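What follows is a single chain, given as structure tokens, in the form predicted on its own.
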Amino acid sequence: METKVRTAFNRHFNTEGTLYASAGRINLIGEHTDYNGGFVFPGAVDCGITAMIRPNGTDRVRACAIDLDDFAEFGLREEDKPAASWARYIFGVCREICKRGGKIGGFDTAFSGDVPLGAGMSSSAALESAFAFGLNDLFDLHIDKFELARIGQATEHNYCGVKCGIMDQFASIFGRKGNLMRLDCRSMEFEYFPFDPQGYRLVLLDTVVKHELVGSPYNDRRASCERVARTLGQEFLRGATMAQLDAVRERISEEDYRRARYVIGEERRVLDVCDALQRGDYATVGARMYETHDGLSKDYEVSCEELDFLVDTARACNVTGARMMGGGFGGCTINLVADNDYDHFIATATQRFAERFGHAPKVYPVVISDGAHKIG
């Protein structure tokens, strides 16, 4: 990846710059909880975005998207928003830095990535984080890591139309090799949890589908949660109990009730998993993963036939835990598999999925790695 980016940068700009990298992420449990002020439990993975950046002494950005074979040039003012959707991520990071008083100039850049697109591993957050981290370093801005994550999140909100929570950018910035992280999305306190599950493996199975839906189902679910929180007199659903939710059931829609029921249950499941990991109790970790999938599929309604099929196959193969991961409607399942069951599960899931849907899922073993960093 480094050689590929270096070569492309030199070809386009006839010089060299500084290399930066940021990671995609997995989330063991805690889905759709970050924008509700709840807990998430992500880790950075060994695939991501690598970018070479060099200040060019102008007020223009010249950017090469190597994998798309595309090029964009734009200024740093609000009215300079580029047409290409991929370029808006870089432009948004620049604008959010400027809004915070950061002084940056124009730069040349080329970037490439190996985060599987559409798999729920947050290639967009990896892109935002690579540039936020890199520009902070190159222009000596002294922005702290949490603010770098917020810059990525604000880019999604203000320039890409997705009202995401903070988890993806947090994981891309703060990731540490061999550790998962429990983040409290209300207080922004976090804790590293060493993750080296002896006798088990984490693996993603990618459905290789992404169902296009009318409107923005992600934003719709966030709006449901916000309506229920207001009814409860809270800013977020975080901390709400089922008793409180049941007490206002007649004042909210059935759909909003089910959305909130999932989120309230997921808060408890994240804490259960953290406790279970510290005991080495992987049976409980797996059980909570299955419960999360059932809630995402039935109450939150962000699963799809392909994801449900893979989770059902995992159950049939006695996999310890499995659930859909990410925003939903396609992408990956994340699976906690005992070593002795791994080969049988992968073979069975691949064969059955191909028979049902006409193509095999992609298999991505998970390696927990470092987040944003400077390569040199």
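Predicted model, so just to flag it, every value in this text is computed and none were measured. Don't overthink the numbering: it's just position in the shown sequence, from 1.
Beyond what is shown, the protein has a form predicted together with a small molecule; the following relates to that form.
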Which residue, I173, A132, M167, A260, is the contact with the small molecule in the model of the complex, using a 4.5 Å heavy atom cutoff? M167
Exactly one of Y282, F190, Y218, F195 comes within 4.5 Å of the small molecule in the model of the complex through a heavy atom, and that residue is Y218
Partner proximity in the model of the complex: G330 to the small molecule, non-hydrogen atom cutoff 4.5 Å: no
How about F41 - does it come within 4.5 Å of the small molecule in the model of the complex, if we only consider non-hydrogen atoms? no
Does any part of F345 reach within 4.5 Å of the small molecule in the model of the complex? Heavy atoms only, please. no
The small molecule in the model of the complex: contacting segment from 305-313, 30-38, 336-344, 52-60, heavy atom within 4.5 Å: 30-38
